[in-house]
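Same protein, same chain, two forms; see structure 1 and structure 2 below, as structure tokens.
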Structure 1
């Protein structure tokens, strides 16, 4: 079998990328429709529509992130202009000054430093802080737990609005000692999670998600969805892509737009699919993603991501990789996933290569290179790496450009396992006999007496 070549019809299957498909379309009509289906264009990100998906501080931070990571000057200024307008609606003067510095007078006098506004906001903040302190001191004197909890919560909201995230986190956590109901604990956890995500402290996120899940009686569907999103982000940051995928796939449709201060439903679909493609096998992809009725609601929001995973499962790799290529530039502007794009893409491509070669005895690398839109030399290097890492059991005929599968000798493997099991049994019996003899001759007892 090792030196056996494949027939022409099989090679044609291989070239068309239908290897190992459970339900791939076989008719010429389906193939024609798939070829004629438009691929998403690599258009620039619509910043206004993108920013509209979010609210609060994360909206501003995402706009600043886009401005920092985009080479297009027009897009930079558009993002900074929107961040400026959003900041003028709030109270974070420190972040406002940073944005003004980044604008650097490039948007005209209407987007320059507004010292009077900053002074007014800071003055009101000082007055508000003094009022909150006096109220909290009064609550402490009266020893009213609910009032003290609300006082610390108000302080957390105050610090968060002004960008003092460390102080906000401390204030929210202090409410824990004064929580009297399960709902209070959930509120404390959600507030701590929100600030922790903003600070990038994802170990705290995991901790408070677990704490909130310990009070299931107070968890409504929307809160459960928020906790799963937060847990998914924590696993994503830790590069635990399989765990991240599971959490995002468990998010219920009840989430809607209710968690705009952290994540949009479109992000749930994108993060979930990319992590699943990089870490799930075909069975899991089918059962947990494609056939997942709840997650299908999220996929409908991002049609290109839906088509991407369907193409991958159906082994239409050229189309799948084209979708990935078109998505990449916008994914690099995402505040959470940008650091993981290269890793995820590499893992998805490796899985595609492995899945493509798996059903065949031999594969013509020229046809395979054409299916993956790459050169034969580049494909050969990728296959060499996968063979070296023991992910593909095969050998390469570099002269004829053919990949031959190495099929394991099942008879020999079974014989070797039997021998190993016998050796392990022999060792266990000898060990038991030695121990029995030691106990019989009271060796341990005599040794202890000599000491």
Structure 2
């Protein structure tokens, strides 16, 4: 729009200065500046910084996803390299083999198939598994609940580290019978949720979230924040954008980086805002997003998204849509939201169009096309589909290119409906009487034949 100062909000974004891969997967003591740097922005994705937000298996999965979807070979190799390094620290040989195959010897001798390492890890795994099994059997004969629970838990962790997600889930669920305190239950639920998210089975996620929330003890803020994130992700996958938005917006700022195995705070902000824009009306948008003090902390991490929502609310649609366009390429690299991006964007655009036309009696379509940075013909097509779907009550004057609001005349409509209802009633009763007569005749015929 005219007069708007699009100052670059990405002040903190510096060049890829901080090198080195994040060493401790789930430590929160790593450089906080890096974690707080806006990652999801219009600029090309900084893979290292992005990967630094996550830990554990999801980090590897995300890197593989980026490599899969990025056409730029350099970025592909960068992502695969980081995945390789991360995998070497863990014990998941299956994923390791996958990544090596994808690398395909393109990164040099250091990054090729390390069969010796694989064999060693597998051997160690077998040993550990036997040990765990014997321990578990011992505990089971002793019938000590706590030890059995810990045994199954260890099994679950072991399977998870080796990528056997189904077995991990089963083990975690088995601990349920041996849980004695609410803390145990919560721990079980969180583990189950983690594995379910990795497996992509979000129905389990919803059920375990509700199970965890039903515990009689009050949850500490971090746990409840984690649970809300998980619930939001489940709703997002189920395409229930309104519910997902509500859940994400309720996440407390205490989350910080503690849920790095699943989701980063930047993601919470982005997902929350996009879903809210696509599904909330103006009052909800103002109350729950813009005036939400808790959520402001998250929004600070993604300044472009914050600008986006402010623009939408203040009707600067062109810049809002511009931000959206910029974000799109990076959003397509995110494993949770990439299949929803198109739908959400369409919904946001429709909402913008509807909101624009709502307060006016007549709208000059040329000015509207300028505001939305599209051509008049394209705009006419979009408006036509919105009118046919009954989302805008208006009519298009194609000759003068003006959109006129049209409010149905209630009185006439009522008369029409009354007459129509009368006719329908008349027809229904008449045909019914005829049919009844036929049935009676048939029944009489049958009765007389029997006699």
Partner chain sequence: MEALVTQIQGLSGTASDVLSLQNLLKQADDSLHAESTRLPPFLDQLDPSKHSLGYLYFLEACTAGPVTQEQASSFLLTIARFISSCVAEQIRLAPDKFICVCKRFKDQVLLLEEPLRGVAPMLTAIRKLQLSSEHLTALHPEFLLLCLLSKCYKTALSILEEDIFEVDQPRDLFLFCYYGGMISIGQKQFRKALELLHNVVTAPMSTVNAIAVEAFKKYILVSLIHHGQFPTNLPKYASSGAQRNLKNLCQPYVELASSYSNGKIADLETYVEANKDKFESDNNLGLVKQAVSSMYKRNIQRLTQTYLTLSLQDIANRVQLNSPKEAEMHVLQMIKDGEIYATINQKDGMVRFLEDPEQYKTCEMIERIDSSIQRLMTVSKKLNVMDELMSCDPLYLAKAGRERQRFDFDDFDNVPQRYNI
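All values reported here derive from a predicted model rather than from experimental measurement. Residue numbers count along the first chain shown, from 1. Superpose the two forms; the largest set of C-alphas matching within 1.5 Å is the rigid core.
Mind telling me which structure is the form predicted on its own? Only structure 1 matches the form predicted on its own.
After the core is matched up, is the C-alpha of residue 422 off by 2 Å or more between structure 1 and structure 2? Where the cores coincide, residue 422 still shows a C-alpha shift between structure 1 and structure 2 that is 2 Å or more.
Per-residue C-alpha deviation between structure 1 and structure 2 [residue 437; rigid core superposition; Å]: Once the two forms are fitted on their core, the shift reads 24.0 Å.
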